[in-house]
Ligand code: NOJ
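Before any questions on binding or motion, here is one chain by itself as structure tokens, the form predicted alone.
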């Protein structure tokens, strides 16, 4: 009799999980198999029907994903999709807890059940593969594992045939993956029925009819193309995976043994339960970094950056060059005075003159402009406890960057530079015409992350591949952009980002991981170099000043920028909140929220008693009641409240802020009054 395994309890001691398996008789190989999460709320069913391997997902007994097929299409070989039979299955369960070095929460528990299903073709070439399914209390995940085998060695995947057939239609929140640009993620979020979607980016947020909120994404993306989703009216609520390609059209190149990224289906009873999102962390390997990790420091920073976007400075050399020694040291002095840990400098290195957007192959990543004394600047900052955050813009000249990256990172480490922002402006690579999110680029992003870790460098990536939980394995991967950020309010046209933008980001892009959104603009009408403010229809932040403060709590990043010019913070009482707010958290709780309308978030600082609360709204003013029941009972606190001032409005009166204090306890309910396009930021500290 062929041996199979049944699920048995685990022995958990000292944080180490021991799985115990015993032989058991089972159902016939072709019968469906079931896997439930430890709490029983999420369930995966797997089976073979008419030769196709399929899976389905249920939540609280209600179908979420109805039977959906799995497989691959290869170049020069038959599809690995039909004529399949189940040949084996094994089960296990795991329960471990670990402490994150930084994050939205300090402790993460990984408690899941696993089912591994192996299938083989019933006809030539007799290939086989395994699909590993995991069921968690916050969702389910699966990945393909292609073992070493004679019938499948080197391969080229032309399509991954994974399907997600929705049990019922859903309201989808998405950015388009191909229109108007095939690169990046920097489009405004839209909403539409999932049944009519074209090709969209991950993560894809779905509000199911009469059901939970579901997010489709991926985890542990290492050597594969980034995930997208393709639908259409003819698909009848079925979404399929779309993979960006190499320049020759191939989606994925590999050799067995080979594993794909995890395909994740996060499930939440309400949108607010999507946070804190740790599902992707649980599907990545533990940190590989050992020894002294004191160089990894969550912090706030400022930068020579916003001035380029509002045309008071230039990246290129010349009379308005921003990256000069004197200007950088001025920024460092301001950072030290206000308790910030770093200064980002863009435009310091040779290559910005001329059409840098199209000439990425001319950048040097070791040679500064003559007016930027990098060694003296690093020394100046070190004396004040402020680090230089260097910037590497590739403009998609990837080969040019990789030729220099070893020497550049060696130089940065020798100088004492432990922070780096990378950039990838462009639709395709300059060499080979590879897609921005192709396997070619995923390999590159991974190489940069690993090499940065070797040289003790923290990374913030702009125009990146989307976060898939790599920060667990490489905690030097701090943050990334991956959506429309603040710069669109300087030059994006049509008035910049609309006021609902950030209330949508929280439930979509932010579910993937930390975002370098760069908040903190105080000159909300953005004075032109001549001193005149912009008109009501010009690009500028469509928020109130209080909302800019609240974004430090709502939009999470361990490296959080105060993006405006230092002179715009001078003499501003509201700047005190940016000085006080933390960037590393013990606990995160979403108190209220609706996608695209509003959200209220509370976060407790790591290693301290303070809480910070941020609430933001769309173009509609609203009043919300915020219970402080998360505070410890029996203790008094002081709430320092930064609220929209009288008649504040994002369109024509964005600046008024009312600052007040009051004593609060866990029994207090605060009345949060938000102006149109407004927000409120609250620091809650123990009463003396």
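Numbering follows the first chain given and starts at 1. Note that this is a predicted model, so its numbers are computed, not measured.
If you look for the form predicted in complex with the named molecule, you will not find it shown, but the lines that follow are about it.
- Proximity of residue 168 to the named molecule in the predicted complex falls outside the 4.5 Å heavy atom cutoff.
- The named molecule in the predicted complex is approached by residue 425, whose closest heavy atom lies within 4.5 angstroms of it.
- Using a 4.5 angstroms threshold between heavy atoms, residue 309 counts as touching the named molecule in the predicted complex.
- A residue is said to contact a partner when one of its heavy atoms sits within 4.5 Å of a partner heavy atom; residue 246 fails this definition for the named molecule in the predicted complex, lying far away.
- The chain is drawn here without the named molecule; in the predicted complex, the stretch among 434-442, 319-327, 462-470, 152-160 whose residues come within 4.5 Å of it by any heavy atom is 462-470.
- Between the named molecule and the residues 295, 356, 258, 569, the one pair within 4.5 Å by heavy atoms in the predicted complex involves 356.
- Proximity to the named molecule in the predicted complex, taken as a non-hydrogen atom within 4.5 angstroms, holds for one residue of 112, 603, 547, 421, which is 421.
- Contact with the named molecule in the predicted complex, defined as a heavy atom within 4.5 Å, is made by all three of 352, 393 and 481.
- Counting a residue when any of its non-hydrogen atoms is within 4.5 Å of the named molecule in the predicted complex, the hits in 294-319 run 305, 309, 315.
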